[in-house]
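The data below hold one chain only, encoded as structure tokens and taken in the form predicted on its own.
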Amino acid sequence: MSAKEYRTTTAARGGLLTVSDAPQIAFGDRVLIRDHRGHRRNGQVIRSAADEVLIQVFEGTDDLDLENTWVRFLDQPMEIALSPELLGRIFNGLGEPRDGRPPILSTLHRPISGSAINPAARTYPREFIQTGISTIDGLNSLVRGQKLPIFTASGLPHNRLAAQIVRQAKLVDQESSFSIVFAAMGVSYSDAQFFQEAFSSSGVLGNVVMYLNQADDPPVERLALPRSALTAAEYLAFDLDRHVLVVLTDMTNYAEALREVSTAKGDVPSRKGYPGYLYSDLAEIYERSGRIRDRHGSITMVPVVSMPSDDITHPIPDLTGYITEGQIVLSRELHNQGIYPPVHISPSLSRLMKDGIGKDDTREDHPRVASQLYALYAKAQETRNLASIIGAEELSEQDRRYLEFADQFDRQFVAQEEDEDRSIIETLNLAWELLSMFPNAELTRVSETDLAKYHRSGD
């Protein structure tokens, strides 16, 4: 740690502080700032040149008197303390307690930027994770080590869905449950209280590490928060051999903070004002999930991404889709019909679903049942569109059956209670109840053995 303090600050804007005449300062160094009142603020070097250094101040630069501001460069990266006592605690983006309890005392500190994982050491994500939500387990299955984002929009119940996943996620063939790392960025006070109360009342809070940044907290802190959360997740997964589920909400708030800082830095803007390095920045976060060969632990990630103006082609969801392995898309139309969770089946996708379902993971009929449900629902959607043009009374008997199937699918399969934890067997049995609305001849994607064993009606 350097003993030298600099009082050569020349500018402060948007959470950024410029210091001149500070030679040989490394990029990424941690910085301690002391203002004219003697209060301390934390920062990190984000640009270093021969004539000046640019510092990202996590507590913001409001009320700084530049002539009476002292800056000390600590010659070390941003780090957080790690120990098993993380579980049950609430921290801010810098790893400082927000729950009124003492800080974590540990000799183990690690940089929040994480350590690079050799791609050759990674192993393929497998093993079905049961969330208790039929639309995910049955049709968009999550597997251990996967990155599966939730695409949502303003006013939709993504917070309730994220909390339900945290409460219910489990590996069906193992006794061990998930440890949860929950990172909330730019959330309102009421949302922060909702998450804390939801985890506390369900009894899972002792198995959750929360990193919390509220809407009135400095936006710059949001850039550090997911990295601190993932450093804790890596410790729990690869040091303590735990299965870790990381929930990041909302990545759109993170990207907005990144745009604000990049604009203040003078970076050249790209699509909709976001920096050109938005893709690589998001990838740096998302790619910290996964599994490592010969390690028992794993990191599975469920980021929540709000789509501004319900636009799935917006840069944030668009780039997220390139990096992650699918998406769960929430529907405003289903939400307006009172259906929870309002998961829109057609655009939702899990690219790794095939590797976590079937005979040895869920049940032998699962892949074929999911395919059949998708096919029937796609046909039912076409029938709905036709009925909106010519009227339901003009439909044939077969088309009316598809119309009834679509309604029953939305009301029975998609819709479920917020505290309803369906097993994968219950989900598949429910799917067969819906398939039994059709004769055998119309169920072309399931096998004869499946029909003989599970189908409830004949021709």
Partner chain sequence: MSERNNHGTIRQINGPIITIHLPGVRNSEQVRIGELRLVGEVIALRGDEAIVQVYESTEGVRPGEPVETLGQPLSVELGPGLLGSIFDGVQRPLEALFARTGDHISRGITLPALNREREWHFLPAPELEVGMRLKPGQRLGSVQETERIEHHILLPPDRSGELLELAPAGEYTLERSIGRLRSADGTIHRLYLYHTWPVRTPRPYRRRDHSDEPLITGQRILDTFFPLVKGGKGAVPGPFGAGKTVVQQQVARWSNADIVIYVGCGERGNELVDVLETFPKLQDPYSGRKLMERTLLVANTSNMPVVAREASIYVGLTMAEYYRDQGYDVVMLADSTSRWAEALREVSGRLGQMPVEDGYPAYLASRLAAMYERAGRVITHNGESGSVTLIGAVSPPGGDFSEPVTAHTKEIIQTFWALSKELADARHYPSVDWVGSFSDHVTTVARWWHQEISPYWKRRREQALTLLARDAELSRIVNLVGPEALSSAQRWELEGAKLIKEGVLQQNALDPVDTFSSPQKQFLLLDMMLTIYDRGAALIHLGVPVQELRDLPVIARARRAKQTYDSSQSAELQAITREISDEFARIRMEYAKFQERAE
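Please read all numbers here as calculations on a predicted model, not as lab measurements. Here the rigid core means the biggest group of C-alpha atoms that line up within 1.5 Å when the two forms are laid on top of each other. Positions refer to the first chain, counted from 1.
The same protein also exists as the form predicted in complex with its partner chain; that form is not shown, yet it is the one meant from here on.
Stretch-level contact analysis of 55-63, 409-417, 428-436, 22-30 against its partner chain in the model of the complex, using heavy atoms and a 4.5 Å limit, identifies 22-30. For the residues 292, 240, 198, 104, the 4.5 Å heavy atom test against its partner chain in the model of the complex is passed only by 292. For the options 306, 300, 228, 140, the residue carrying a heavy atom within 4.5 angstroms of its partner chain in the model of the complex is 140. Annotated contacts: 113, 151 and 398 all touch its partner chain in the model of the complex [non-hydrogen atom within 4.5 angstroms]. Taking the partner from elsewhere, residue 253 is found to have every heavy atom lying beyond 4.5 Å of its partner chain in the model of the complex. Within 4.5 Å of some heavy atom of its partner chain in the model of the complex lies at least one heavy atom of residue 276. Proximity of residue 421 to its partner chain in the model of the complex: non-hydrogen atoms within 4.5 Å are absent; the residue sits far from the partner. Looking at residue 168, you'd find every heavy atom of it more than 4.5 angstroms from its partner chain in the model of the complex. In the model of the complex, the residues of 316-349 lying within 4.5 Å of its partner chain by at least one heavy atom are, in order, 317, 318, 321, 322, 323, 324, 325, 327, 345, 346, 347, 348, 349. Core-superposed comparison between this form and the one not shown: the CA of residue 45 stays below a 2 Å shift. Relative to the superposed core, residue 20 shifts its CA atom by less than 2 Å between this form and the one not shown. Once both forms are fitted on their core, a CA shift of 2 Å or more is seen for residue 401 between this form and the one not shown.
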